[in-house]
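Only one chain is given next, in structure tokens, and it is the form predicted on its own.
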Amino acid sequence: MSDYPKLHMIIDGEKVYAGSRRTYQVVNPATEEVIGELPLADAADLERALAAAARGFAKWRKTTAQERVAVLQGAARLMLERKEQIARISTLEQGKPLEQGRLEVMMVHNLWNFYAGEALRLYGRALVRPTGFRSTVRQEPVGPVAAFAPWNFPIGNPGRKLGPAVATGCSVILKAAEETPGCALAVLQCLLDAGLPPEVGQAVFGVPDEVSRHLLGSPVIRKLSFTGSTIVGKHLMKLAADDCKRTTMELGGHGPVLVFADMDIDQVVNAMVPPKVRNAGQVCISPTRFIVEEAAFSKFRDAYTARYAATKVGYGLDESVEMGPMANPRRPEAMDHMVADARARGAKLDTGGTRIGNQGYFYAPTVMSEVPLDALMMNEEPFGPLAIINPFPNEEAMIAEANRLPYGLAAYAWTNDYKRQQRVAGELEAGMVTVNTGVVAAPDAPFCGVKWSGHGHEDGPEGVQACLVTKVVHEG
């Protein structure tokens, strides 16, 4: 495909093409066409990247905050200039509609400008001591970072991992998903073109377990930042533990949405269908389990189903399309399996539950209701265009269901009762809670989970702090 870039790795400033290396075929999920051949790193490539990252850290940690600010702000401007090109790459290799790719570019633009401001606010402090003594607390960069990013937000995830490392004086080796390499390379290239020293930012691809074991087995790497599934996250934490590496883990979710009968149902539907449509539901914070007070159940189910079923599904290069294909052939298969399992257990299929067409990985917007708690979809993250709507008798039962699973990333609540708003916000076990809104993330707010949804923070001042270590110095 002529408008898809030739793929490579970036190691020590060099664009490393396939040559005699193993390759991975990148597929357009809307057409099933092979659009690129991605070189996969061998051991020598990874060693070279590690050596560059070590040199890059020694250099970048000594730069002034103003130098780091200039790179981040310059890269943010380049993201805007290249918005259409980068968004188009995301549609070709991941499937999401162009407008969603544009929003991801803006997300990175805003994050990098925020991180630039935070780079000027990496304060320490002086402690009160008697005359002749001094104690200071300092914030220092943690060291070279191994950053692993998934395919669902191929622009945003690399951006939110590269930004805080650059802001704090760390070097970084980015291992983005092999399904969506073009976006990650474009994001890193903005930083390099804005003046980031070549040894500070690397991008490698490869067999995931080979790359993770090699990088995390090296003493060069001092921090792991990972976004992905809980099962892979647990595996990587074990690898990182062998060398006591710092970890930031943004793992899976199973977003509960509490809908109380005192709400205007149309208001809730209008706010909660778009985040379900986004990225074909392949979002860790996607609203999935709709926990509805019995008095509002039938009305909500019917209104939500009608609105969701009307979603226009198709090739994301068509500006009128609202939802593109799923990212790879594994996802429609997983959806089919979950739908069949729930129906066998007595759940109602209100809309969807089928693939669309015979080319591409398209799946119909799907609503299932009155789904038993032992159904697979009630316990494992669907990660697709599936909404589950169940009735519950009261607030206590609704909160119990929301907290039943070991996941705790994003949770949503809808009620006009102010005291209930405060109770629910306090009792929901999640790193991020929204009340009467579907908006979860912002550049200045931490993005984080609890329980099986991970630990540590991205975004906000907390995301920058995750790339710093604290040192106290006592002088007599």
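Note that the coordinates shown come from a computational prediction; the quantities given were computed from them, not determined experimentally. The numbering used is simple: start at 1 and walk along the sequence shown.
The next section is about a form of this same protein that is not shown, the form predicted together with nicotinamide-adenine-dinucleotide (NAD).
Asks: Give a yes or no on whether each residue among Pro406, Glu429 and Gly449 has a heavy atom within 4.5 Å of nicotinamide-adenine-dinucleotide (NAD) in the predicted bound form.
Replies: No.
Asks: Tell me which stretch of 98 to 106, 142 to 150, 304 to 312, 255 to 263 has a heavy atom within 4.5 angstroms of nicotinamide-adenine-dinucleotide (NAD) in the predicted bound form.
Replies: Correct option: 142 to 150.
Asks: Which listed residue (Gly228, Pro287, Gly352, Gly156) meets the criterion of a heavy atom within 4.5 Å of nicotinamide-adenine-dinucleotide (NAD) in the predicted bound form?
Replies: For this set of options, the contacting one is Gly228.
Asks: If you check Ser212, Asn390, Thr91, Thr247 against nicotinamide-adenine-dinucleotide (NAD) in the predicted bound form, which one has a heavy atom within 4.5 Å?
Replies: None of the other options qualify; the answer is Ser212.
Asks: Tell me, yes or no, whether Arg330 is in contact with nicotinamide-adenine-dinucleotide (NAD) in the predicted bound form, where a contact means a heavy atom of each within 4.5 Å.
Replies: It does: once nicotinamide-adenine-dinucleotide (NAD) is placed as it appears in the predicted bound form, Arg330 has a heavy atom within 4.5 Å of it.
Asks: Wondering, does Arg138 line up within 4.5 Å of nicotinamide-adenine-dinucleotide (NAD) in the predicted bound form on heavy atoms?
Replies: So Arg138 does not count as contacting nicotinamide-adenine-dinucleotide (NAD).
Asks: Taking nicotinamide-adenine-dinucleotide (NAD) as it sits in the predicted bound form, is Ala177 near enough to touch it, meaning that at least one heavy atom pair lies within 4.5 angstroms?
Replies: Yes.
Asks: Would Pro198 sit within 4.5 Å of nicotinamide-adenine-dinucleotide (NAD) in the predicted bound form, counting heavy atoms only?
Replies: Residue-level check for Pro198: no, no contact with nicotinamide-adenine-dinucleotide (NAD).
Asks: So which bits of 368 to 389 sit within 4.5 Å of nicotinamide-adenine-dinucleotide (NAD) in the predicted bound form, heavy atoms only?
Replies: Those in contact are Glu381, Phe383.
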